[in-house]
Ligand SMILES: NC(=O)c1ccc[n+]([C@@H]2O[C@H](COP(=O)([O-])OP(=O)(O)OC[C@H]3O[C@@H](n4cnc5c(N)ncnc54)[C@H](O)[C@@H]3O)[C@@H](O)[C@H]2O)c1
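The chain that follows stands alone, in the form predicted alone, written as structure tokens.
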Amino acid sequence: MLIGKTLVITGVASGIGARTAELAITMGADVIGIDIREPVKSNGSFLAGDLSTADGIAAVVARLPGRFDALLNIAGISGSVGAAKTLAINFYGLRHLTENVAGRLREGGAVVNVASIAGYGWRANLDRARRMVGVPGFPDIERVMADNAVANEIGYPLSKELLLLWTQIAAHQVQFKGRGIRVNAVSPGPVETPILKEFRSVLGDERVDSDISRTGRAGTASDIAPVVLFMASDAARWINGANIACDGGLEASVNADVLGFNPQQG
């Protein structure tokens, strides 16, 4: 399902991005990896690039090929550097890159956004998410934060809330749907990657430990990468605008608490 396809993968220097690139190559794909730092292990061709600014994204876009099959938006940060930069990389930069390469994706191609269970609250915060997603292009993020009373400490979950809402919107936009390009998200729970310690400082040990206890263990990059690649493959050709929870059952457990049903019942 991936043989002969060209995949552009962001965040290839470590974690889920590195494992996804490695697995994609073993499945017959050609990989163009993007990261701010060069990977220790080479998996396909590599473009150094900063996805936190409009100029950085323009420089990356200028070096990408005229046609490829899928864009896998895996790059992301934990929120430890503050909400403005977190929103820049995890949402506004991701969206800006995707919109700027939409015309290069082959018809029937795919965009896969790696979101997070941390974005679970997008429905409860829909008005704010709708306003912030509605700001076009790569905006003045400090201004957007001020206009929406965004506290610095909520940058990470907010970035994923925006990403989950935009994924559903983009799936039905002409530039994607009009050319048969699917836009989906994959939401991991806690994953043993180099930034898990940063998540502990941002979200707190209690939250992270609770999430891990609900599933029995933290995930690994090898748990997430196959799902991301499935969503990029022809096997997922009838999945569009969806969010796949790849979290060991964490979302189901949270739903039981929030919605008040008994997961043991049956």
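In case it trips you up, residue 1 is the first one in the sequence shown, and so on. Quantities reported herein were computed from a predicted structural model and do not represent experimental measurements.
One more form of this protein exists, namely the form predicted in complex with this ligand; it is left out here, but the text below deals with it.
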Discussion item. Counting any non-hydrogen atom inside 4.5 Å, which residue from 165, 171, 150, 77 sits next to this ligand in the model of the complex?
Written reply: 77
Worksheet item: Since exactly one of 64, 225, 51, 29 fits, which has a heavy atom within 4.5 Å of this ligand in the model of the complex?
Response: 51
Item to complete: Using heavy atoms only and a 4.5 Å cut-off, decide whether all three of 15, 89 and 116 touch this ligand in the model of the complex.
Response: yes
Discussion item. Can you tell me if residue 191 lies within 4.5 angstroms of this ligand in the model of the complex, counting non-hydrogen atoms only?
Written reply: yes
Worksheet entry | Interface membership of residue 176, this ligand in the model of the complex, 4.5 Å heavy atom rule | no
Discussion item. How about residue 248 - does it come within 4.5 Å of this ligand in the model of the complex, if we only consider non-hydrogen atoms?
Written reply: no
Worksheet item: Can you check whether residue 35 is within 4.5 Å of this ligand in the model of the complex, heavy atom basis?
Response: yes
Discussion item. Please identify, from 97-105, 177-185, 154-162, 125-133, the stretch that has a heavy atom within 4.5 Å of this ligand in the model of the complex.
Written reply: 154-162
